[in-house]
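Below sits a lone chain in structure tokens, taken as the form predicted alone.
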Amino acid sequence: MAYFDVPEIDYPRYSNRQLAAVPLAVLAVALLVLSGSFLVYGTPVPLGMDFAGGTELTVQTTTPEGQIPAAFEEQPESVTGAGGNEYIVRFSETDSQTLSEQARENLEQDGNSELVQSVSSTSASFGQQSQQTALLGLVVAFLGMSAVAFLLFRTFVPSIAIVISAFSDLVIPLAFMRLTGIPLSLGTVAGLLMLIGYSVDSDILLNNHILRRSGEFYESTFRAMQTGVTMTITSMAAMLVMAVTAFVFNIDLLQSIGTILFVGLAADLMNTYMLNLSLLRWYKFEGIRS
């Protein structure tokens, strides 16, 4: 198996507090962003149509993209090009019939093509139910991951190190979504669920090398980093390619998922090899004797 040329970090140079300070500071900022958003907007992250309700029209028209919002009495939330003269127009309004009529009356038809290609609508109540189901799914996945960590290591510090690291891996991308306006949808929730899996994978790898394999602490750490960093960087490269390709072809959902996973995996590198490692080092050299 090929590895990236992972440099051997001079960990003895840094204290446990110094190693943990940066990831904990980033986690604190992320929690502050989410808390502030909740107080100001009522939700920690912006909600997409799946959870907030609304209508999505796909229209084919020769009307310039910049003039499409003027065709509707309600200001669209977004107008996205879908290739050629096709556009996806999203509204918070759920009266799809009125919006379709306004599109047919005020937009210019593209030859003989049907002006309104498709209509999808989600009611606010159904969106709220979907929101609760998605939240439950995230909580169950996180609790399941925590239970697996405790069953695998059966000691408090190594297990809680994995849980804290995974929690931070989840919170940082959520704050990033708030700052960049990426909405929470069924698709982005799937991305967050994938992130829990990626996160626990690298943390278990590190814990396993240090606690269960022979070798000196820093030697085991370096061996774990060679595999773990290679895995994570490879995944980040794949997610970056997916996000850029989706951006070029105007596929919003894949772009959002790729971006979220890229940010989450970058956070995972920091949390695994600084936060998790500092807790493991404290446990190995101080905690076991106490």
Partner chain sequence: MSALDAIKGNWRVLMLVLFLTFAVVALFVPGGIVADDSLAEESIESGPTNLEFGLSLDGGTRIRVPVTGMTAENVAPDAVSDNGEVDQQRLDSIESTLYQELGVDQADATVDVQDDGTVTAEVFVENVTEAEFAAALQKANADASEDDIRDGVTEQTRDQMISTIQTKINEAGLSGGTVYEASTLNDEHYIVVEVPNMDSNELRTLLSERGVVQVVAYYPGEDGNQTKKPVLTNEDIASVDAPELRGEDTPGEPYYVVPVQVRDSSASEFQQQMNDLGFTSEGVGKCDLPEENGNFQFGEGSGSYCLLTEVDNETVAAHSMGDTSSGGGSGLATNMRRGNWANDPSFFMGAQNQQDAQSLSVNLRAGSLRAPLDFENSQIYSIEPSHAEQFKQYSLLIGLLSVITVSGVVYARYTDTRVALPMIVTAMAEVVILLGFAALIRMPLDLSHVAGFIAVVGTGVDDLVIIADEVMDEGDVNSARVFQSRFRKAFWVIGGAAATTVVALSPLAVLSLGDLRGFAIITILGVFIGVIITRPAYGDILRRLLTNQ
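Basically, rigid core = biggest C-alpha set you can superpose within 1.5 Å across the two forms. Positions refer to the first chain, counted from 1. All values reported here derive from a predicted model rather than from experimental measurement.
Just so it is clear, the following notes concern the form predicted together with the partner chain, a form of the same protein that is not shown.
Note on the partner interface in the model of the complex: the residue among S100, S159, N85, T80 having a heavy atom within 4.5 angstroms of the partner chain is S100. The contact with the partner chain in the model of the complex, taken as any heavy atom within 4.5 Å, belongs to M242 out of L47, V26, M242, L34. Listed stretches are 39-47, 26-34, 62-70, 245-253; the contact stretch with the partner chain in the model of the complex is 245-253, by a heavy atom cutoff of 4.5 Å. Interface residue remark: D110 is not counted as part of the site for the partner chain in the model of the complex, having no heavy atom within 4.5 Å. At a distance threshold of 4.5 angstroms between non-hydrogen atoms, F91 is out of contact with the partner chain in the model of the complex. None of the heavy atoms of V263 is located within 4.5 Å of the partner chain in the model of the complex.
When the partner chain is considered in the model of the complex, A52 lies well away from it, no heavy atom lying within 4.5 Å.
Of all the residues from 84-122, those having a non-hydrogen atom no more than 4.5 Å from the partner chain in the model of the complex are E86, D95, S96, Q97, S100, E101, R104, E114, V116, Q117, S118, V119, S120, S121, T122. Positional change of G84 between the shown form and the other one reaches 2 Å or more at the C-alpha, relative to the superposed core. Remark: with the core as the superposition reference, the CA shift of S100 between the shown form and the other one reaches 2 Å or more.
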